[in-house]
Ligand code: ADP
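Quick heads-up: it's one chain on its own, the form predicted on its own, in structure tokens.
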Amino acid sequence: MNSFVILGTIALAGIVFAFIFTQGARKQLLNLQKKNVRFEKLLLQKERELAQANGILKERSKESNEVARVLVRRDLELTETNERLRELDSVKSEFVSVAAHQLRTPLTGIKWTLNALLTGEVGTLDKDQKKLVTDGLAATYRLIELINDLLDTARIEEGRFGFNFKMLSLAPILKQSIVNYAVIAKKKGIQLILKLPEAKLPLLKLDAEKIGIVLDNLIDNAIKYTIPGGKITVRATLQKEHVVLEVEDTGIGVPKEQVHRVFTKFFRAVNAQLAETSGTGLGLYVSHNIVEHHRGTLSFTSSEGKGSTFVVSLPLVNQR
């Protein structure tokens, strides 16, 4: 009897346990199913988002390809345009060079003719006649200056602005430039002062003619744009590994908003045009190029109405 009871109890317990286990398993299965449904929904959402992103990506890719094609076309157009501009620039430089050469010869003849008239070689002139000849000669010199500047610019752009470097002292070149402009400065009532160091300046690798052009341009500009009673100081000093040349004036200066254009072709400041009608706007462009070919620098400081200082720095030979 007891054995049957025990066996029945065990069987009942097994049935209860199996029922509880089954119920727990069903709950777990239901939870897993719910999680699976949520996962599937999330997966579907992600797939839709991915499909949308792929669509956007394809659209962007098409746009990018179109932009790339446009850029390639623009690049080809710019290349062709640059080539045409180079050809036109070459033609322009050649035209300027030929025209300038053709003009310089008759102008030189006119200059000598006017000089002969002014010096009385072909007869005496009265006061009015002398004034006419003097004005004509001054205009001729301005034209010759313009032609020379145009020729120098054309040679620079064509790479034909040749240099002949030699070991030279800057002092004699400076002195000659002062002599060239002493009379002009005196007539205008401007002090032109040269200051050289007591110690002898070291030899530099220079093209005397080209450096002379730089000095003439700087001094000529200083005289043009300095009012009577002003002062121009030209000084040379040895500073570390450079010989530094300064041309300082008490002239009209350069307007602040135009200083960035000083060394560009054909630039003349507004106040300069009012003060002096003549001028090509090429002198500083040419001078800047010459100094760069000497491996030096040309810079300036200026204050409108107070004056300007142009600074040429030339390296010593052992620094080249």
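Each residue number is its position in the shown sequence, starting from 1. Since the structure is predicted, the reported quantities are computational estimates derived from the model, not experimental observations.
Absent from the display: the form predicted together with adenosine-5'-diphosphate (ADP). The rest refers to it.
Under a 4.5 angstroms non-hydrogen atom cutoff, adenosine-5'-diphosphate (ADP) in the predicted complex has K224 among its neighbouring residues. When contacts are judged by a 4.5 Å heavy atom cut-off, N217 counts as touching adenosine-5'-diphosphate (ADP) in the predicted complex.
Not displayed here, adenosine-5'-diphosphate (ADP) is kept clear of V291 by more than 4.5 Å at the level of heavy atoms in the predicted complex.
Between 65-73, 46-54, 31-39, 263-271, the stretch whose residues reach within 4.5 angstroms of adenosine-5'-diphosphate (ADP) in the predicted complex through a non-hydrogen atom is 263-271. Contacts to adenosine-5'-diphosphate (ADP) in the predicted complex (heavy atom within 4.5 Å) from stretch 145-172: none.
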